[in-house]
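In structure tokens, the next block holds one chain alone, the form predicted alone.
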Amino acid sequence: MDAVAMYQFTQQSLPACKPVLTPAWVTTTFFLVGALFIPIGLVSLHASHSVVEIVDRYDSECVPDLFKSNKVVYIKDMSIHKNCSRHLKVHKHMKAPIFIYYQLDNYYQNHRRYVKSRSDQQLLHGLQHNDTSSCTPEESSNGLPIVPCGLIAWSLFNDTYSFSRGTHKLRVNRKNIAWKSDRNHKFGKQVYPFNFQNGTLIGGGKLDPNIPLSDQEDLIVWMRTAALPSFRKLYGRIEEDLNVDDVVVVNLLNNYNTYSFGGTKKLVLSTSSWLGGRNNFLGMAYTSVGFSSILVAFVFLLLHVRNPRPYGDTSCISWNRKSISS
């Protein structure tokens, strides 16, 4: 019995489902795919469009007129105040929680050298892991490994925002903005940034040396590098509704240097839906595939009606002949 089964297996003659793709079966399948995908796509698009967003680009507007022609000098001069105020008008009711993002464009966090310039073991174990060779060129300072080391941490985003509505200050919740798995398993609870940004070349933001890395959520969010040159990262949440025609005053510090490489900075206030933030790609993809399937079904149907082909005798198929002869 085993020999017979092995022979059937090696000769690919085991019993199997071998459907005959008739025109009616193929056309019906394409129609069903279209009937399923189009509603899913429309529902996804509706969910995406229900998200309310306010996007404000401030990198150019927050540069004094005197430095409009030389923004790099402005951002590098520490004696110049970087305070800036922006007024954002709410055009549609925004239901809490309202997510605050900063968006950077033309910023290649996916560059190979940049992505590799970190030490995951050091982030978790601190000075117990002394090998920081992967963090070049920001690996050590005064003979000690920098904690945290590497270009990613060194370039930490450091613009800050505060919000008010009229005379009422809007409280920003900055807790739980990072992934729980990152906080618990990738950043040490006993690792402190005691010598971060102490070198001669200062990059982005600084860290509180008295707070462990597991609680430095700005850093944790930043260390999860983006795959595309335009990306958003979560800054915090406003946990009260914003009404139509409200004017939100944003007081920000324009500290982060994107002018040296032609990058842009935007502040984003966004609600969310059951599908997440605003993103039309999923809905458009489902809808496009659905309409394409229905179009192909109609083409197959017209071809079959215009030039019908007679069905072959399925009993003449090789595997059916074998079963008949046996």
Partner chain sequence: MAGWRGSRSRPGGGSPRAERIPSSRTIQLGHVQPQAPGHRTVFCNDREANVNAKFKGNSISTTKYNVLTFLPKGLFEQFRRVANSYFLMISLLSCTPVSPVSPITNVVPLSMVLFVSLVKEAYEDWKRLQNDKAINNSSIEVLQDRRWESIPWKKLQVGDVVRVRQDAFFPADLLFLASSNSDGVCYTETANLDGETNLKIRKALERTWDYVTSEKASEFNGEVQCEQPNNSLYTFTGNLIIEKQTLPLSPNQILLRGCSLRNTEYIVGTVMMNSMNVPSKRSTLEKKLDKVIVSLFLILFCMCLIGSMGGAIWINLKDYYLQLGKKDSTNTPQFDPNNRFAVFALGIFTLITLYSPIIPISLYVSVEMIKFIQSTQFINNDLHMYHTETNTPALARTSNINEELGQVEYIFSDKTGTLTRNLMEFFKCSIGGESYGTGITEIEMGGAQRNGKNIGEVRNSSIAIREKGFNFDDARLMHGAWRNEPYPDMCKEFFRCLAICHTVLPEGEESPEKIQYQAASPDEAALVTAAKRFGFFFFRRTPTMIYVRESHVEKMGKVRDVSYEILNVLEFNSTRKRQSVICRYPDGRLVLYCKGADTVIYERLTSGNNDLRNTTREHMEQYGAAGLRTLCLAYKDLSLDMYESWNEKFIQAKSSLRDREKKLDEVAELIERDLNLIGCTAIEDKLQEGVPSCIETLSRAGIKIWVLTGDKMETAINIAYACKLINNDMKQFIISSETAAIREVENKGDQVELERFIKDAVKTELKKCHEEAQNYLQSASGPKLALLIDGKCLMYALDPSLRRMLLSLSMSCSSVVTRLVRKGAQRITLSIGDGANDVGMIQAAHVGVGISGLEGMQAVMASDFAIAQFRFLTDLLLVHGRWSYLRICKVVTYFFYKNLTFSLTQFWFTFETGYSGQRFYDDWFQSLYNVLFTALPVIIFGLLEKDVSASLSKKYPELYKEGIRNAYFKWRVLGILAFFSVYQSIVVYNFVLTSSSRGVTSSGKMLGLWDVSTMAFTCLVITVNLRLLMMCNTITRWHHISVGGSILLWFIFIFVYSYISTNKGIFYVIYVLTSTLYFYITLLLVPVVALLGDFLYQGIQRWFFPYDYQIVQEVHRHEPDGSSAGLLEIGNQLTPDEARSYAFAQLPQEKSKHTGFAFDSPGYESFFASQQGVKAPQKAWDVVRRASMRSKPKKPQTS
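Remember, predicted model here, so these are calculated numbers, not experimental data. Rigid core here is just the name for the largest C-alpha set that superposes within 1.5 Å across the two forms. Positions refer to the first chain, counted from 1.
This protein has a second form, the form predicted together with its partner chain, left out of what is shown; the following refers to that one.
- Across the options 78 to 86, 165 to 173, 223 to 231, 238 to 246, residues that bring heavy atoms within 4.5 Å of its partner chain in the model of the complex belong to 223 to 231.
- The partner is absent here, but in the model of the complex a heavy atom of 101, alone among 192, 101, 74, 161, sits within 4.5 Å of its partner chain.
- In the model of the complex, its partner chain lies within 4.5 Å of some heavy atom of residue 139.
- Its partner chain in the model of the complex is approached by residue 178, whose closest heavy atom lies within 4.5 angstroms of it.
- In the model of the complex, its partner chain lies within 4.5 Å of some heavy atom of residue 40.
- A residue is said to contact a partner when one of its heavy atoms sits within 4.5 Å of a partner heavy atom; residue 155 meets this definition for its partner chain in the model of the complex.
- For the partner-free chain shown, 106, 107, 108, 110, 111, 112, 113, 114, 115, 116, 120, 121, 133, 136, 137 of 102 to 137 come within 4.5 angstroms of its partner chain in the model of the complex, judged by any non-hydrogen atom.
- After superposing the rigid core, the Cα of residue 15 is displaced by less than 2 Å between this form and the one not shown.
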